[in-house]
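What follows is a pair of forms of the same protein chain, given separately as structure tokens and numbered structure 1 and structure 2.
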Structure 1
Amino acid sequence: MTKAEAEQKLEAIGQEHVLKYFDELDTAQQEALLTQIEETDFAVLAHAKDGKSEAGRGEFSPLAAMQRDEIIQREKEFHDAGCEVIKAGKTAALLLAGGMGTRLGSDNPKGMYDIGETKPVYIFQRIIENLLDVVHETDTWIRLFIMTSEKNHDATVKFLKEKNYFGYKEDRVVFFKQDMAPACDYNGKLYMEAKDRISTSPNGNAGWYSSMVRAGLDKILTDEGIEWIDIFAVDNVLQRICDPCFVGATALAKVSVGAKVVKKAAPDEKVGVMCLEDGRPSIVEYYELSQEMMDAKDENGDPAYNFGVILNYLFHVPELAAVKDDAMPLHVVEKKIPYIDDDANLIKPTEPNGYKFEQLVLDMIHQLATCLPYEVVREHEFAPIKNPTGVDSVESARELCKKDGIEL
């Protein structure tokens, strides 16, 4: 793209300031900026006008979860079936580690955070150790994909290499980068993170499958006959990954996706709740739950919308090709976005100062035909780290780990 073409593209969307420093850049920087302008999809900025996500929800109805009593009763059946699938090499794990973890406030990738008290215990370490339990139990090195973004890729790879992958087999780990989206202020004006670079943010965790395909990694899924892929967040330090019972229950149910869920702590708890939307599996956000939905009861007299998702999904690989990125809503999220001010000083805001644009993995669920919500015990499998203190924090996760017998 030439400078004139860039000017034209930017003028059409009222973002001419992107080229403010162009003439003082060296040739390589100029080329990099022109390439970024050429490759960036600025259409997302239209959503910054009212700061609202594309909404338009359908009609919600309850979706029954498989609960603990049934799981305990059928434990051996599920466990045996799951072990068989895992031992046949049909299961992979995918760590979503492309997020910026801005609420935690560390400059490093979130997985590098040390939650130890008497010794180092890194978030990545907790996750890998949990997966290693299954590796050892099934005597199978499960393929582990790790999604990063251009913001944290090098640091993540370097750290895990240095730590010897916390005992995971290096040749079973594959990294790939997710895509980015531009970030802007509350008026939709693009931020610049340097004189030669528009501010960008990872484009949400739904991009994992298309980014994987773009990186040519779907070939690994095909070549290795991987039928199930367990997608999970970096921040839940207690979660079980590819655990045989979950794999077995999902495979036996022959659904498009299994979703780990926990019983809600209170009717208005701030978690997305598993449900049906226009007859297809979906997740209703806590702020979308009407009083009527909160009061609704199932046939046992229990709350009908009672199970929250914990970002651990087991997708049936053959059905993923039908999931379309452009059919997923775009979420407009307020974030702290680093930018250069009028004097080109880099500012790292302490409060949200604009919008980033994301597509979320939970919206993939709605494109699939069937889902098994699978109940896990909150105290044993849900210790998310979003904040340094308070709710869903390093503090609360430490307490939960210690209760589960994990030495910190």
Structure 2
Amino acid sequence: MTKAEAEQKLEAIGQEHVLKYFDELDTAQQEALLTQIEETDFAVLAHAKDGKSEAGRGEFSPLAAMQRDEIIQREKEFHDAGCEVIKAGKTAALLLAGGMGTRLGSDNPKGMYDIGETKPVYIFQRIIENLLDVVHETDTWIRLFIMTSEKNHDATVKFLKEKNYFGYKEDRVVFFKQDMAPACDYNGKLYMEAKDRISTSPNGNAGWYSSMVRAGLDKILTDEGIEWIDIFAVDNVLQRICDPCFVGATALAKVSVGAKVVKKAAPDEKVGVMCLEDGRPSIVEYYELSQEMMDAKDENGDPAYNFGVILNYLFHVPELAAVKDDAMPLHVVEKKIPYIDDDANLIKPTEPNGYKFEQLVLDMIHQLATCLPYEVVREHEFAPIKNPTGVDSVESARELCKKDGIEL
């Protein structure tokens, strides 16, 4: 893209300020900014006018989970079926690792955060060691995809190489970057994070598949005959990945996606809940639960909306082609967005100052036909790290790890 073409594209959307410092930049910086302007989809900015996400929600109804009693009763059946799928090379894992450790007080990728007490124990290490349990049990090296972001890609790759992937085979690991979306103020004006760079953020946790396809990695899925891909977030240090029982139960159920869930700690716990929306699988956010829904009971007299998601999903790869980006609503989220002011000083706001734009995995699941909510034991598989202290924190994750016999 030439400067003139960039000017034309920006003028059409009233964002000419993006090129304010263009003539001060060196050639490499100019080329990088022009490339960013060319590759960025600015259509999302239209949603900043009213700060609202696209589309409303449909009619919710309960979706029954496969609970622990049934899983324990059928454990051997599920385990054997899952091992068969894994040993046939039909399972892959995908780590969503685009985040930074900012809320933990770190400038590094979140996965590099050390939760150890007597020795270094990194978040990445915990996750890879969990996956290695399955590798050793099945004697099968599962393909591991790691999705980074522009902000943390180089640091993530460098760190994992230096740590020898914590024992994982390097030739079974593939990195790719998540697509980015622009960030703006409340009036829809693009923020600049530097003179040569528009402020951007990852395009939401549903962006993994489209980003994978753009990187050409869907070819690996096809070439290697991968039928199931386990998608999971970087911050849960206890989660089991591609574990045979989960794989087996999902495969035997012949569903489009399996979703690990935990029994809610309280009716108003701040977790999304698996449900049906207009008859298709979906997730209702905790703030969307009406009192009537919280009071609803199932046939056994238990709460009908009782199982929260932990962001661990097993997708049936042949059905992913039916998922369309343009059919997913765009979510507008208020965030604290660093930016340069009129004098090019970097400002790091302490309060939300604008919008980021995301597509969420719940909308991806909603495009699929069927889902199996699969209950896991919270204390053994759910130790999210979102804060330094308190609920869902480094502290609480450490305690859960120690209860599970993990040395820190």
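Whichever C-alpha set is largest while still superposing within 1.5 Å between the two forms counts as the rigid core. Remember, predicted model here, so these are calculated numbers, not experimental data. One-based numbering along structure 1's sequence throughout.
*Of the two forms shown alone, the one predicted in complex with uridine 5'-triphosphate*: Form predicted in complex with uridine 5'-triphosphate: structure 1.
*Taking the rigid core as the frame, does residue 33 move its C-alpha by 2 Å or more between the two structures?*
After core superposition, the displacement of the residue 33 C-alpha between the two structures reaches the 2 Å mark, so yes.
*Please check if residue 386 moves between the two structures, taking a CA shift of 2 Å or more relative to the superposed core as movement.*
No, the C-alpha position differs by under 2 Å between the two structures.
_Cα displacement of residue 186 between the two structures reaching 2 Å, rigid core superposed_ = Yes; that C-alpha moves by at least 2 Å between the two structures.
_Per-residue C-alpha deviation between the two structures [residue 15; rigid core superposition; Å]_ = Superposing on the rigid core gives a C-alpha shift of 2.7 Å for residue 15.
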